[in-house]
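Subsequent text provides structure tokens for two forms of one protein chain, presented individually as structure 1 and structure 2.
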Structure 1
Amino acid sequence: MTGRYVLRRVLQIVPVVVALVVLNFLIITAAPGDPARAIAGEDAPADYLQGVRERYGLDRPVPVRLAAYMRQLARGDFGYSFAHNRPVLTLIGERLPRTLLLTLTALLLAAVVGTMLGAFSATRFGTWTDTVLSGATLVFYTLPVFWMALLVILVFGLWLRLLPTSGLMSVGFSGGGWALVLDRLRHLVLPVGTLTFYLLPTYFRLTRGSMIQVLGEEYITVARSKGLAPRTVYVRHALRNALLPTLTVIGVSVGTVMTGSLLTETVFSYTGLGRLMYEGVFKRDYPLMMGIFFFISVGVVSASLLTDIVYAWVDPRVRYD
């Protein structure tokens, strides 16, 4: 792989980010009501609104305002959240690690287990095992994640009472060391489990589908007729090739993961980035919502870029032109 390919792909991000900024600006401009309030949020005090009007030149023509908006974002200023009394970027930075812990754990679990189950199901194609596995994953595939989360709370909070159903840690918890780690982990189990079951069917379906296709190829028949063990054929010959589409999807599914995280965090009161967005909706905290939307969009675009580069590196058939 050439450095020029990587550089060219990185440069392709620029127009996307500019388009996102323009989109954000258009939303502010087109929203009904006072644009200063759209920039500052419903909780902003009157003198701050006046400052916003002057700083953004809200009485000036649209191109001038767009330029002012872009300059501000370029300085890393995403606005101020009056509901939280903190700059938006600081808030995002505080909540991001929690969301990363939740989503990356769930993504890893879902991708590994989903891929393995999907490949297994494909090797049992046409049997009851395959039918049951496919049917069960279809149900999880279509289940609304916030409802799944509430059912989990119902089952674990009402009947089993084994695990905590909300928050990051126990209220008033004073232990340290391993006890603290254990308490944190116990609070993670249900949100991570819910998010895993939300993401798993995507990888199951993709791997199963591409594995079934690969198993029909001639080189598989050749490998089989050479007398290779079925296990070797499945893992070495079939799965390796069937994994490519799955790999692509892991990279471009950051948006899906964040959507799942938004709803899961909301239900479990897990104070990450998703729950922050929910709080923003609740308070009509527009700069916060816009900041999170912009931040996640850039994350999604970067992840898909990274996937393209990894893909070109893994699959020699991809040409760099």
Structure 2
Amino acid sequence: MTGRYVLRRVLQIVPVVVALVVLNFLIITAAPGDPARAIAGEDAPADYLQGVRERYGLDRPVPVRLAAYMRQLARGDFGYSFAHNRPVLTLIGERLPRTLLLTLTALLLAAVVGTMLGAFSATRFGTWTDTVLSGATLVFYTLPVFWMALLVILVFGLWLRLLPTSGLMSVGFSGGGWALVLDRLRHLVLPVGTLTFYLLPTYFRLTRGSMIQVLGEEYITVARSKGLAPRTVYVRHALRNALLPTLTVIGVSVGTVMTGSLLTETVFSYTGLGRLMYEGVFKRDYPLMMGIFFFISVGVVSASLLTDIVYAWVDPRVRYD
């Protein structure tokens, strides 16, 4: 792997992002609903609706609007939100750190815990431990994330009353320092836990299957015949090679994480990027939706690039022409 390869992969991202921007614009524009009516109200008179369309450029043909939007993006201008009447970039900048905190924490926990449990289950293949872990993760895998969120709210919020079920912090909280940090962490537990258990089964099942396959390879048999300790065989020889598919999934699962974040933030009233996107969809806020989709698209493509680089660094057998 060389710097030239990395540069080539970065340059390949540019046309992909442009294509995604165009596709997002066309899909959002073709979606049912009239944004002018959403802005003006259902009972607005026809002349007022026409004025709203002219003000926001909604009366122009789609190709003209697309060309104008691409010119805006080239200048770093994401436009103004119809519903909030504020710059889209400002709104995204306020919400993005909250979503990154939620999604990256859940992704890290799901990848680490899922990988460890998957590797442990593979070493107990065929035993009751393997059966219980596989069955439990299968249940979590089949549960929709919004249903899981409602379930944890019911159990931990309403029945046990252990944790808050909505918002970023307690209503009326005026403390600072560590008290503020602890209060916000308490509000993060349920949404992070929900998103973690939504992602965890994928890493568990992938690592378990890969580990079982690796443990059947000849070099593992040779390592055992040399008298190496089981821990050394499992960790140094088997797990390292079994992790390669998991690394790939971590990179390409960013889109899944954002989908889960949208539903999780909505259920828990967590004011992040997912909640903002939910509001934008229902209010037909075209500039806001396109701005959010742009950042998500860039994030997914960048994660894919980073995965390729890490994969080539971890596995020396990979060669790029």
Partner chain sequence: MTRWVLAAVSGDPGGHPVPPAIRGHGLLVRFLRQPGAVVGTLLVAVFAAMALAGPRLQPYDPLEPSDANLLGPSRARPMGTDELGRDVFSQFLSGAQVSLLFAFGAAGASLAIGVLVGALSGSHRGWVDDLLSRAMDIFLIIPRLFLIILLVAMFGSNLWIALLVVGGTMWPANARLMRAQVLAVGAREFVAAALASGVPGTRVLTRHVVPNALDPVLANVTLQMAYAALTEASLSFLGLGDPNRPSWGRIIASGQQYVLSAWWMVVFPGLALALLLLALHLVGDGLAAALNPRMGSRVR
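Residue 1 is the first residue of structure 1, and the numbers go on in sequence order from there. In this text, the rigid core denotes the largest set of C-alpha atoms whose superposition between the two forms falls within 1.5 Å. Predicted model, so just to flag it, every value in this text is computed and none were measured.
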Structure number, where the criterion is the form predicted together with its partner chain: 1
Aligning on the core only, does the CA of Gly272 end up 2 angstroms or more away between the two structures? no
Ser304: Cα shift of 2 Å or greater between the two structures (core-aligned): no
Thr29: CA shift of at least 2 Å between the two structures after core fit? yes
How much does the C-alpha of Pro45 move between the two structures, in Å, given a rigid core overlay? 12.4
After superposing on the rigid core, how much does the Cα of Tyr69 shift between the two structures, in Å? 2.6
